[in-house]
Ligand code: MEV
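The chain below stands alone and is given in structure tokens; this is the form predicted on its own.
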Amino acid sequence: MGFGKGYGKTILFGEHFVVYGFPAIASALSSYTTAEVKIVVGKGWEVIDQRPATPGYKKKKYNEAMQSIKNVIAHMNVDVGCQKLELTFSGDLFAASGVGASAAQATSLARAINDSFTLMLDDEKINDAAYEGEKAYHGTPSGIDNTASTYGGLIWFVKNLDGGKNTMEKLRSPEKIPLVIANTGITASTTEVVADVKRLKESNPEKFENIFKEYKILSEKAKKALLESDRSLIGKLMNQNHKLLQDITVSSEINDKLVGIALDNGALGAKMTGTGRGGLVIALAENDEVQKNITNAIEMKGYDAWKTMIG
């Protein structure tokens, strides 16, 4: 039997912009998805999905998840014509839009297959396999989710639009910074939202050119602020990033509502993260006490929220 683990992630800066070759900054979370691969009698594969999840998430993502698993198995050249794989997914990562659940599942599966068949693959090869899995969810994924899930930590990521190797730089923050993650309870289709943004960009290229210029400057400032643990500046830049995401129509009323609750209760900055139009919102806190206050305020409004650290 083989075992593997894939970390969840949150995108601090750059979701959607990363698709067009602009830098994104992601932080892996301490929560993760696990995969166990057991070889049993028969052929093909079956899935036992025990991951905690937003109600309806696994049902909505079922077809994509099955294709993702198929992609990973095929990429790793595992023959399921003469053997059967029993795949069990679990862990403490709460599957929701924006937390990198799909990448965590693909990464954990790649690691478990590697372990089960003693393939001796390094992290780069595991990441390649997880990227193939991500194609089922995102069409042409940026690669940032599977990279964060595979390597962990704080990552500066730039997608190579010419098909070459992506840029990945691990950042070292001087200290951990408290973060709150809030769940809207709404699951969005990444493929659909990315396609909508592409259509909007093609219909209004001048508007997007200006937005892209503003984001590029913002991303460089964010990198410097994270390296210096300048919490105040990080928060301000998160607010600016959220405004840009509103401008490209990927935020929604419920995302904006949770951002407002966080800011009203002491957050230094807050923004949607991931796909948008639901999914998750993140909020930066000055200290543990403020982090607790933000979490409680969001929960009092009837939404799930949890505390974590970045850096």
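We number the residues from 1 along the sequence you see. This one's a predicted model, so the numbers in the text were calculated from it and none came from an experiment.
The following text describes the form predicted in complex with the ligand, which does not appear among the structures shown.
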query: I11, T140 and I144 each touching the ligand in the predicted complex (heavy atom, 4.5 Å); finding: yes
query: Per-stretch contact check against the ligand in the predicted complex, the hit in 271-279, 43-51, 256-264, 25-33 (non-hydrogen atom, 4.5 angstroms); finding: 271-279
query: Partner-contacting position among I155, I186, V194, L87 - heavy atom within 4.5 Å of the ligand in the predicted complex; finding: V194
query: Non-hydrogen atom contact V18 with the ligand in the predicted complex at 4.5 angstroms; finding: yes
query: Residues in 287-308 with any heavy atom within 4.5 Å of the ligand in the predicted complex; finding: none
